[in-house]
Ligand code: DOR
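One chain is shown next in structure tokens, namely the form predicted alone.
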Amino acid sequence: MTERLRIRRPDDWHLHVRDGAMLTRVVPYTAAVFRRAIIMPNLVPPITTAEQVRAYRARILAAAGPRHFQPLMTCYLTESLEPDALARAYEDGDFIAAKLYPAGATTNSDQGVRDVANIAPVLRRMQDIGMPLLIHGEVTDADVDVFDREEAFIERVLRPLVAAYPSLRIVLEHVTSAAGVAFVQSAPETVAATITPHHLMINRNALFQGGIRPHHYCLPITKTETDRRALRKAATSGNRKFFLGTDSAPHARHDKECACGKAGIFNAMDALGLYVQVFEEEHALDRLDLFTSLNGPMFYDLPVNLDTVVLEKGHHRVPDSIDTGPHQVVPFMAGETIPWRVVSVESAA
């Protein structure tokens, strides 16, 4: 039985850190484990310019402190964004990718895209310069069941998008369904997907165990056990199209435990240990490095990390909450005992 595990230091290819006091409190959890993280731009106002992103990156680095951590920044796509401005910011290294939020799909997405046709000039320019497109893949039509919105998006938007822009690198972020997995597997090599720890660990029943569980509510919403099994099979398969993206998304406790709670699960405290738990349960620890540390850099044409992370097996209790200053945040698996935790990060130097 494996009791101690050493892997190449991973990256988080999908992360929310918010801003202000929340940012200051949550960034160190990621920076302590992950070498790089792609930072989501859905602030208020959203991150759309080089000036905004430079200031935001500086705040993240200040919160990370002396840790060897690199935030990779993204641009929030709007229908008024100028292709030339986006291209300049990408070529200057301010943005690594651009994020497509369908308008109204999730937290702070009201200024997102209502019709992909309206951003065709931007997408053509991104394809020309090799800038990746990151997608929150859900339709927002009121007549589509919330559990079917990812599959509807794939058929209505994503499949035609891939056909129209065959060289555009696309990440279907936080894929949640068997249909999503099947699409990514069958799509060209330009298409990949991230998978979260919570979608690997829980299905939609977890939302209703003994009552409403608001801290298990996220978007895209957790789906059926069949979907969860498909995600676990994809993540542990070694397929280069799937890689780690926590989608850790903190909200103040009172914004979750209310009449209209916000979507998002904060898992940054123990994300890597939860992934290890899943891979151990699936008898796939020999393929863990591919998912956590190799497939992502390969897709983004970045060097793999040389540092290593050491995890130990034991009995680690997840705190009931963390204090972010004015508010508290409840982490994923709060109050429960999980088997794996990071004990050290070791430099290759």
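Please read these numbers as outputs of a predicted model, since none were measured by experiment. All residue numbers refer to positions in the sequence shown, first residue = 1.
The same protein has a further form, the form predicted together with the ligand, not shown here; the description that follows concerns it.
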When the ligand is placed as it is in the predicted bound form, are 18, 219 and 263 each within 4.5 Å of it, taking any non-hydrogen atom of the residue? yes
Quick check on this chain: which one of 190, 106, 277, 127 has a heavy atom within 4.5 Å of the ligand in the predicted bound form? 106
Looking at 249, 77, 170, 244, which has any heavy atom no more than 4.5 Å from the ligand in the predicted bound form? 249
Even though the partner isn't displayed, in the predicted bound form is residue 42 close enough to the ligand, meaning a heavy atom within 4.5 Å? yes
Tell me, please, which stretch of 207-215, 154-162, 249-257, 85-93 lies within 4.5 angstroms of the ligand in the predicted bound form when heavy atoms are compared? 249-257
The ligand in the predicted bound form - contacting residues of 61-95, heavy atom within 4.5 Å: none
